[in-house]
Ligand code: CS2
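Shown here is one chain on its own, the form predicted alone, set out as structure tokens.
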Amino acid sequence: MHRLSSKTLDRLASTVRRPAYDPAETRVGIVHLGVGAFHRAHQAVYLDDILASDPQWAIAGASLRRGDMRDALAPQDDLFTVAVRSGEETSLRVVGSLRSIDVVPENPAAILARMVDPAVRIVSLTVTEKGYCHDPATGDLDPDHPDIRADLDDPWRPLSAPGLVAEALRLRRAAGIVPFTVMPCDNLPANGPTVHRIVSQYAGLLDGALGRFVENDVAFAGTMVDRIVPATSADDIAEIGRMIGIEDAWPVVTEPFTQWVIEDRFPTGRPDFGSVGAEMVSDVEPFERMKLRMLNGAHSSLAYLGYLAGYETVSSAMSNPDIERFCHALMTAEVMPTLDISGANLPAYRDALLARFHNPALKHRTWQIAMDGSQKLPQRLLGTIRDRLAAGAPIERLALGVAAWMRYVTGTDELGSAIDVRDPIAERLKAIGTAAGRDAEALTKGYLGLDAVFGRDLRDDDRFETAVRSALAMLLDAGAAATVAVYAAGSR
């Protein structure tokens, strides 16, 4: 079978949408750190639409860890297929907005050179919560993070996202080139101000003047991004190859829904994001809070409970009426009362989320969503819990989501089999679980002692500790399926 590339576009099946421009005639205007499935199914698609009329906004990508994405896409001229699945229907398009991928550990100078190019006016990021090397409980840079320590020792060859952004800004400043706008696209509360603070703090550790420059003279545009993008499987690759008529080594699969809300803060210019469906706003925080608390909070709770109950995918977990009722009740009774967003129809948004979770065409694994929970919980559940505690309101379902995470990270499932826990502090989580055994009180106190996750306020809050311990005890004694049935009914 022929391989997807610029030379084989004419061999694509007639049903496949192709770039409405010549990718070779575009110019790089955006550097993106963290090229992965989500970026390729989300931001790269918006830019693909823009390039048809404005060719100066192609993307130069960077992988911060591995070269597998580069190795898969380079022989394809960095073209790839996006498969949009809903029910039994699949629509296909080939995206050409990504022009290259550099692998940072192999050659940090190469990506820095791209970031210093005056034609680049935006540096965007999808490096996941853990990629910012920060303390999730405070939102500040973690100066003791191994990647940050390594970059501070050798700042001219940075490997972390804060190190790369700060060094590129330093080089531009030294060369008299105006700074680019930094556009984080990750699930962090107030991601624009948060990443601004992280990079400023890192730069300040290197040089006080550089820190002040980043703080005062560099624009950080906050965003809210939303699209469910499961990991691509071998079956996906084979099926998509059959459908498009040629081989694509790494396509991406996603859902029809997509949303991008962007703070309009680009002093040196930007693409016309609004012309392709993005929402340009002066304040992205209300949209971000709604998505983090409703979609991501419910998604994480569903993932931990679903995995423990034996469900491999989100849609299969949602086939359990108790889990569906739990997600509905979690959002309605405990999350939505913390949101006051002008013009937002929260019940309609909730119903749309539940429908998206039900999409059987997306094989979104609960195990995948469960990754990196120590970094995700503060953004997805704990902020809502703090607001509910401050209001004296019940937190039982939110606490069950936290307890389900605790049960999951012990590393042993309900049948006694090992769980492959992927988390930056996985060894510490396992050690706490091993020491506490099946003692709900000891487990709760052990995990709440992780100040970087829970802060001291939640650790010392008796209402929170009691609610989590009660939920965890039921999970240990009765199992996830029986527990979620009780909490879905609201009898706790």
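Just so it is clear, the model here is predicted, and its values are computed rather than measured. Residues carry their position along the shown sequence, with the first being 1.
The next section is about a form of this same protein that is not shown, the form predicted together with this ligand.
Practice prompt. Report the stretch among 383 to 391, 144 to 152, 205 to 213, 288 to 296 that approaches this ligand in the predicted bound form to within 4.5 Å, counting heavy atoms only.
Written response: Contact-bearing stretch, as computed: 288 to 296.
Practice prompt. Identify, from the list 187, 313, 359, 338, the residue with a heavy atom within 4.5 Å of this ligand in the predicted bound form.
Written response: Exactly one listed residue reaches within 4.5 Å, namely 187.
Discussion item. Quick check on this chain: which one of 101, 237, 225, 79 has a heavy atom within 4.5 Å of this ligand in the predicted bound form?
Written reply: It is 225.
Item to complete: Answer yes if any heavy atom of residue 134 is within 4.5 Å of a heavy atom of this ligand in the predicted bound form; otherwise answer no.
Response: Outside the cut-off, so no.
Discussion item. So in the predicted bound form, is this ligand close enough to residue 364 to count as touching (4.5 Å, heavy atoms)?
Written reply: Because a heavy atom of residue 364 falls inside 4.5 Å of this ligand in the predicted bound form, the answer is yes.
Discussion item. I'd like to check something about residue 397: if you look in the predicted bound form, is any of its heavy atoms closer than or equal to 4.5 Å to a heavy atom of this ligand?
Written reply: Contact with this ligand, no.
Worksheet item: Contact between residue 369 and this ligand in the predicted bound form at 4.5 Å, heavy atoms?
Response: Yes, residue 369 lies within 4.5 Å of this ligand in the predicted bound form.
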